[in-house]
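Just the one chain here, the form predicted alone, laid out as structure tokens.
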């Protein structure tokens, strides 16, 4: 759309605004704008940026796909859905991406039922590339804004606490006992834990980000040492790209100042598109020294009745009959009935927040 002054103005979708924000706040360093064809091809085929020396590792294309009419040399004003001016894009290239090829290489499937594949198909193939100029960052709800940090702010906060080894935990769900166990295990070898939930667009059915924030905060208040834990927010969107997204999540946390990154079971996965530990195995082919952050791999963890505590296949010798396992479906059914899952699975404080949220959702839906 064009204004009366013939200024080119593009309203970004929520997914595009998430990418803009990580470009703007340093989360996507060394990128300074939306990728062109050469980088798109190099990322899809080789997981590297062609435009930078040293074969910089990069796993997922960051492109601005739109049917907006612009040509090379145009300066396009970028605005959020609420009309807030965010900055501008100087168009260096307009190109057509091969959506099927991106789906095959990045998501390992062309199945439209995959939410990441569905998203890039909906965006289309025509892309605008170029550097961005930043005027402002997108707005967020107060629950997120008070925990918001740019990459420079998080690094400064770590330094003020005297943390040198910082482990980041990526999550898009409330933290249950298994997550609590592995974050504390990782914290034993680090100075601080950075709980860094994703607050950008996820798939339908995921728990709302504001509800998740309350769950993180109640856990921090009651079960983590306040001098060794910090909560931030990652404005990124979910791609559900499994192994490749695990690498992207690690890069983002490196840029936020973390030295270690937790990669657990089925990281950034969805359905049965990826193997249980594919997101860990991808790091076998990556020079983590070049990547700039150390991945920490964790097995699936559970409560063992015989051990009387949390364990994994590495630490627990007892048969599966001794292990407490509740599927996500079963937990949602219990919460929907107002039943608190057993304390071996989730903290009561977290369950109370989720039950209240589900009751409100049910009431609003009639």
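Everything numeric here is computed off the predicted structure, so don't read it as measured data. Positions refer to the first chain, counted from 1.
Heads up, the form predicted together with another copy of the chain isn't pictured, but that's what we're talking about next.
Stretch-level contact analysis of 58 to 66, 332 to 340, 302 to 310, 31 to 39 against another copy of the chain in the predicted bound form, using heavy atoms and a 4.5 Å limit, identifies 302 to 310. At least one heavy atom of residue 226 is located within 4.5 Å of another copy of the chain in the predicted bound form. Using a 4.5 angstroms limit between non-hydrogen atoms, residue 164 touches another copy of the chain in the predicted bound form. Remark: residue 187 counts among the residues lining another copy of the chain in the predicted bound form, judged by a heavy atom distance of 4.5 Å or less. Of the heavy atoms in residue 296, some are within 4.5 Å of another copy of the chain in the predicted bound form. The single contact residue among 85, 145, 222, 82, judged by any heavy atom lying within 4.5 Å of another copy of the chain in the predicted bound form, is 222. Contacts with another copy of the chain in the predicted bound form, taken as any heavy atom within 4.5 Å, map to no residue of 99 to 124.
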